[in-house]
Structure formats: C-alpha cells, structure tokens
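Read the single chain below, which is given as structure tokens and is the form predicted alone.
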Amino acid sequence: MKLSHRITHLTDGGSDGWEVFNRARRMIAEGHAVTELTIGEHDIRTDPSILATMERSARDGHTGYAMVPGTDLLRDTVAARVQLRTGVPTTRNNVIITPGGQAGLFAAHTAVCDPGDIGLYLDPYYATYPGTIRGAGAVAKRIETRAEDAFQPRATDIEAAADGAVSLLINTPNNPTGVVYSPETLSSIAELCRRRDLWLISDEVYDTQVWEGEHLSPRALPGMAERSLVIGSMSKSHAMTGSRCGWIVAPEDVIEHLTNLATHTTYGVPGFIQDAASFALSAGRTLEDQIAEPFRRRRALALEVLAAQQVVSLIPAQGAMYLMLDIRSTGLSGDAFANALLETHAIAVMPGESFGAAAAGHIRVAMTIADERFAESLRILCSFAAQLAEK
C-alpha cells in the first residue's frame, strides 16, 4: 500500500536533524554516561505549585472534554497577558489553546496556506519548521541568514524570495541562534509583509528568555495585528514541556476557522492542564523570571569560559536557552565536530547543520544542566576545539 506524498516527504528526503541526539540517547540506553547539551529541556522541572493546581483540578473533576478553543479562563488569561505586554487590544476571541507550540505552528500554516502555496522560513531554523510547512501541504522555501549579520535576517533577502509566497515564519528570541531580532529588523519585516500581502507567523515561545534588549512582538507594529498569527507556549516559559499547552493569537475570523480545524483534529487540551496553565500565567513575571534565571546565570558563566580562549566564538547570545558557537576554526563541520566530541568526551551537542545550511560550521549548546557541570563541559569543548585547530 502507498502512503501519501505529504507524509513521506516531511523532511523532503533529507535528514531530520536529530542523528547526534539519537546517537547520544542510544549510548545512554547502553549504560554510557553522556552529558546532554542537546534539546531545550529544563533541568529543573515544573514548579510544584503548578503541579498542585493541576492535580487539584483533575481531582475536582476537570478531566472530561474541555471546550475546543480552550477554557474561557485560560483564553482570558492569555489575552490579558498579551495585551499587557504588547499594547494591542486582545480578547479571548483572538486566542485558541493548542496542544503545545508545535501543534500551533502546524495549525497556523494550515490556516493560511493552500496546497502548493509557498511558505517562507528563515535559515537557521528550528528543526521541525520545514516539515511543518510541508505537512500543511505548502511548499517550504528557506531564506538564508548570515553569521556575519549575527543571523539577523535581511529584508532584501526575504523580498527576493517572496514571489508566490503567502506566509513568512519567524522566531524571536531565536532557536537555535539565541539572537533577538532588533526593532529595525522587525520593522523591515513588517513593512515587507504589508507590501507583499504576506501572513506573518511569529513563533514567540521564548519571549520570557531575553538576556539583552527587549522582546518585541511584530503583532504590535502598525498594520500587523490583522495579518499576524502569534505562537505561544507554556513549555519554555514555565518548564511545562510535557504538558503540551500552547496557543495562537490571531484575528477573530482566523480563530473561528482554527477552532473548526481543532474540532476535526486535536479536539482541544485537557481542562486540568489548562487550569494549571491559567494559574502559572497569573503568577506573572515573578515565576517566569524564576524559571528563566538558571539560563541567565549559565549564559554569564559561558561568557567567562569563552572569553578565556580564542578558538570558539559566540554568536550574540541575546535570548533563549541556547548558545550558537562558531567552530569553523577547527576545520570541521558542525556535524563532524559534534560526533567527535561525543565519541571523545561523551558530550552531546547539536550540529549547526541540524538547523540548516546557514549554520554549517556551528554547533548549538543547550544550557540545560547544573551550573558547575555546564561550565566544565564548555571548558572541555573549547579545549577539544583548540586541539583540533592546532592539527
């Protein structure tokens, strides 16, 4: 029997980018000690107060079907948070709750792209982006950014790729680079979207992890609220990765159609998880800052370690829980370096090539282990790179 072209070509016949991660997990399963600096998984788990709220809600009976677009309480809470932080009028009618940010990305592209339409995305990219666009039936078209620009996209490059496109996917703070798009970058992107009549899909799941500057949601820019779909999630901001609770903020008519889509696909998010998310969001910036603090602290440690050597250089780490390191001085690709580091020192990092051609010769390091161990692992990585560079 033949499977659909859509499902068999999610990765377009190429790598899914997870080979080093999977290899590290196999080593762990075989009993090897591996230091994992691969995925964005918090080493400090969901706060006990959130779990207590989740348990209380479940025991009180909120375990049946929840309303498909989300509970009124959570939609109101998300809307109030978005309006407070962006200044854009937002109500529950602008919000749908999704099973995580990834489901939100898929739903957003399904909403705005017909089969065969072009969906644009920026390279480097989170590993699932092109497959998500293809899964929605669209043609995924990448736009390369440059290390010498600190991976800030150029509007001229987007313009050159925009013919026939209907959407543009951006992510700031950015995974994998750690770059926060500047107001100038976002203003130029917004102007282009208005002029070229593009939907903007803005992945903002790292909005609470900003180390330099400020997060600016492009939905807040003139003329953008009516053409933006903003993805949010509890995963990174509240260490609720396994709870699978996210949202899309969009124009009301888009939310109506997305609710219809959810009725035919996911059928919503469990009510006890939504109650826990409402509680967590109501705690405001105090809880968010508490969850972000380990990564802020480890970034400072990383800057100290990297300043003590000259082989490995850092793409400006302005936000998110990652470092993008340039290891081209070693003469190895990111893939070759990551595999060699795993073999030699049992330290697992993600090759830049897992996130696109623009990140070749780089690696991504997740700041997701305890401080002292993280700093020591980074020192070993830099020493290893220095040895390779001398050969």
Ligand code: PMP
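Bear in mind that the values here come from a model prediction, so they are computed numbers and not experimental data. Start at 1 and count along the sequence shown; that's the residue number.
One more form of this protein, predicted together with the ligand, exists but is not displayed; see below.
Contact with the ligand in the predicted complex, defined as a heavy atom within 4.5 Å, is made by none of 121, 155 and 188.
In short, of 204 to 212, 89 to 97, 258 to 266, 273 to 281 it is 204 to 212 that has heavy atoms within 4.5 Å of the ligand in the predicted complex. Distance criterion of 4.5 Å from any heavy atom to the ligand in the predicted complex singles out 233 from the list 145, 318, 233, 132. Out of the listed residues 171, 217, 228, 167, 171 is the one that sits within 4.5 Å of the ligand in the predicted complex by at least one heavy atom. For the chain shown alone, residue 244 is a contact residue for the ligand in the predicted complex, at least one non-hydrogen atom being within 4.5 angstroms. The ligand is not drawn, but in the predicted complex it has a heavy atom within 4.5 Å of residue 102. Proximity of residue 181 to the ligand in the predicted complex: non-hydrogen atoms within 4.5 Å are absent; the residue sits far from the partner. The closest heavy atom approach of residue 126 to the ligand in the predicted complex falls within 4.5 Å.
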